[in-house]
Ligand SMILES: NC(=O)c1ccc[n+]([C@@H]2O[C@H](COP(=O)([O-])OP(=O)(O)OC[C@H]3O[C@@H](n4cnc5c(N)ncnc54)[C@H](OP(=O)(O)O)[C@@H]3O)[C@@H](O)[C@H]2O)c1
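The chain below stands alone, shown as structure tokens; this is the form predicted alone.
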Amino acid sequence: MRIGIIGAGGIANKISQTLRTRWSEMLYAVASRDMDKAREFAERNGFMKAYGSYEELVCDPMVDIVYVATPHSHHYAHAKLALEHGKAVICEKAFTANATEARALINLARSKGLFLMEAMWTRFMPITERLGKVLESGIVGRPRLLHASLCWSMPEIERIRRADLCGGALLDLGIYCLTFADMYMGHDIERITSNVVKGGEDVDWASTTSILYKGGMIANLQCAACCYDKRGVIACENGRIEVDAVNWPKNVKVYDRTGELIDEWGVNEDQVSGYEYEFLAAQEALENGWVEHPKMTHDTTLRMMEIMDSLRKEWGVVYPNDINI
């Protein structure tokens, strides 16, 4: 599987370092609008090809799959470009700026029989899959309350401040909290309520969201671009589960109803960074001719985007990409 990366920023660098450690032969091409930047990135990370335009990369017949690693505001255009040129696509989270763009990409991929997947890496990690199995075992009973927080102080980062780059905390950080809740509380939602504080260019700076599920479960989520916190807790009928970080879990602890620690685990010993598991999933999908992977389905992506659309609408946070909503 030969990978071409669109974008040569921070996330592209992390992905490349992971692949170079595990599967250096996958690193085929990188594209940036700045040819010098593309060449420097390619040399530093071991890519065979460097391109000064995204169009050149998607026209390369040797590229099997394109990884879109540009800002949220550009995901739709760049993923569409790759799909229109017959390339399978992995697109960084949040998948697009809104559900309208997400639906259009999914329909395009399905019409062409091409694989398309959102790169929500936590859904593929063995550490989070084991957590799901613990809940299914019933050892701590049914989940009743979930808390997920991801707050990272980054008030000066341009892509977070600017509305035209689809900034704010929700798409960058809140998607992890929503995903954590979706993985372990399901999606039979009865009601969603929220509060927001704005900052930057009138984008969401800090927010709390409470989700009431049918059956009496509640998830309380918070994200912010102005403070620090990243924990997850699932309070169950007969105990609780604590996760050190909802965006990059490295340790999970299970307690019984008396507060005694009854299970604990971390990442696999052979894990490089955690990003590698989404590429294993993509490889599996390509080998089987799938247009989506069961661990990160198109319906799941749409569900997450629709929830975030509804929250932004309630908050009055508008992006230029929302013109067609």
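Computed from a predicted structure; not experimentally measured. Residue numbers run from 1 along the displayed sequence.
Omitted here: the form predicted in complex with the named molecule. The next part is about that form.
Screening 93, 87, 123, 147 for any heavy atom within 4.5 Å of the named molecule in the model of the complex leaves a single hit, 93.
Only one of 184, 176, 115, 76 lies close to the named molecule in the model of the complex, with a heavy atom inside 4.5 Å, and it is 176. Residue 69 belongs to the set of residues with a heavy atom inside 4.5 Å of the named molecule in the model of the complex. Contact annotation for residue 37: at least one heavy atom lies within 4.5 Å of the named molecule in the model of the complex. With a 4.5 Å cutoff on heavy atoms, residue 198 does not count as touching the named molecule in the model of the complex; it lies far away. For residue 300, no non-hydrogen atom is located within 4.5 Å of the named molecule in the model of the complex, even though that partner is not displayed. Remark: of stretches 29 to 37, 42 to 50, 285 to 293, 265 to 273, the one touching the named molecule in the model of the complex is 29 to 37 (heavy atom within 4.5 Å). Residues from 141 to 178 that approach the named molecule in the model of the complex with a non-hydrogen atom closer than or equal to 4.5 Å are 159, 165, 172, 176, in the order they occur in the chain.
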